[in-house]
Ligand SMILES: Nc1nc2c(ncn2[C@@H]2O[C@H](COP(=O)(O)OP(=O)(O)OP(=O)(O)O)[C@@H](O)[C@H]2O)c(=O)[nH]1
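First comes one chain, alone, set out as structure tokens in the form predicted alone.
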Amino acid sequence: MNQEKIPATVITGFLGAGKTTMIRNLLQNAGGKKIALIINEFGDLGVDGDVLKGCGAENCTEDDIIELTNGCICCTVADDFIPTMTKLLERDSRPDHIVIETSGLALPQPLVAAFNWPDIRTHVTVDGVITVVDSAAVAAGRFADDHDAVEARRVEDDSLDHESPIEELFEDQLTCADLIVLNKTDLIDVDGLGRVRAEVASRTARKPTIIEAKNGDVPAAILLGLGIGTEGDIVNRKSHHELEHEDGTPHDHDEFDSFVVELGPIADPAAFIDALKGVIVEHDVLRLKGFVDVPGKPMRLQVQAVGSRIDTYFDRAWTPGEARATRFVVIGLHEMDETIVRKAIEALV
């Protein structure tokens, strides 16, 4: 029996950075490697897993895709991740590589540390942590309400900490990275890209490799085979929560809320999406993703929104016996009023 450790790649990144698209490209161009995929969703609706299950990659079948929903994988390591890994390793046909997509709200550090558990470390090693960055979002200052004002105030008084939870999360994901992918570079110009590079570099004292990408198109040879063994260096990549709660106080995600909105068929998706942008802006929704049932269309319309930027495309046909419906996961800060936002979205139909 081959006891060589299986390499595992952890892919993290902020909401809407393009992790799922990059993984889909990876699965379709993995050069015959048998890949097992673990997906961690924030919220009850497993959108990303459904997208990836329809990618048609022969080397990653539906049985090789495992979804963990309604929770942050970094908070449920013992309850969810370890048992999942154990079952995966007990299979007769073990994968050549494991890819783990974290939620856009997850801290990668606790997940990487879990690879040091006795039942895991003898069988699996972290090939590398890849952080995907939405270059257009960073260029637009999506990680602070008023980035310039925050920086000016911090210069005036070094004792003050005006970082928002989003900024801390962004920095934590960069701090843990072995490779940073600046995605969606086609949405900004050369000067904007230069500013994004400088911004990203300033957010972490470590200096991981930074590459650029469009539409999540990165060769598998770049993403896989880094050979880092990140679990052995995780003590040097502590998150804000770990630094602030080294006394053992557990962290949580009370800064963020999510809920699912279910609607009927959408006869005019273009008008609906245009109106949805207004709701997102008015209520400061961070992320919205899901599927739309368009009458007369045999395929589902996938919707992915980051701020007011919304991408749509028909991803796959409705399967026989599948209930057609329109469903979205809505993610925002804790102050978001679910009742008001839900009614605003429902009023668009």
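Residue positions are given as counts along the sequence shown, with the first one as 1. Keep in mind it's a predicted model, so treat the numbers as computed, not measured.
Note that the form predicted in complex with the named molecule isn't included here; everything after this is about it.
Among residues of the shown chain, T131 is not one whose heavy atoms approach the named molecule to within 4.5 Å in the model of the complex. Within 4.5 Å of some heavy atom of the named molecule in the model of the complex lies at least one heavy atom of E101.
Although the partner is absent here, V341 lies well away from the named molecule in the model of the complex, with no heavy atom inside 4.5 Å. Proximity of K289 to the named molecule in the model of the complex: non-hydrogen atoms within 4.5 Å are present. Of the candidate stretches 263-271, 195-203, 83-91, 212-220, only 212-220 contains residues with a heavy atom within 4.5 Å of the named molecule in the model of the complex. With respect to the named molecule in the model of the complex, the three residues T20, D186 and Q304 uniformly fall within 4.5 angstroms at the level of their nearest heavy atom.
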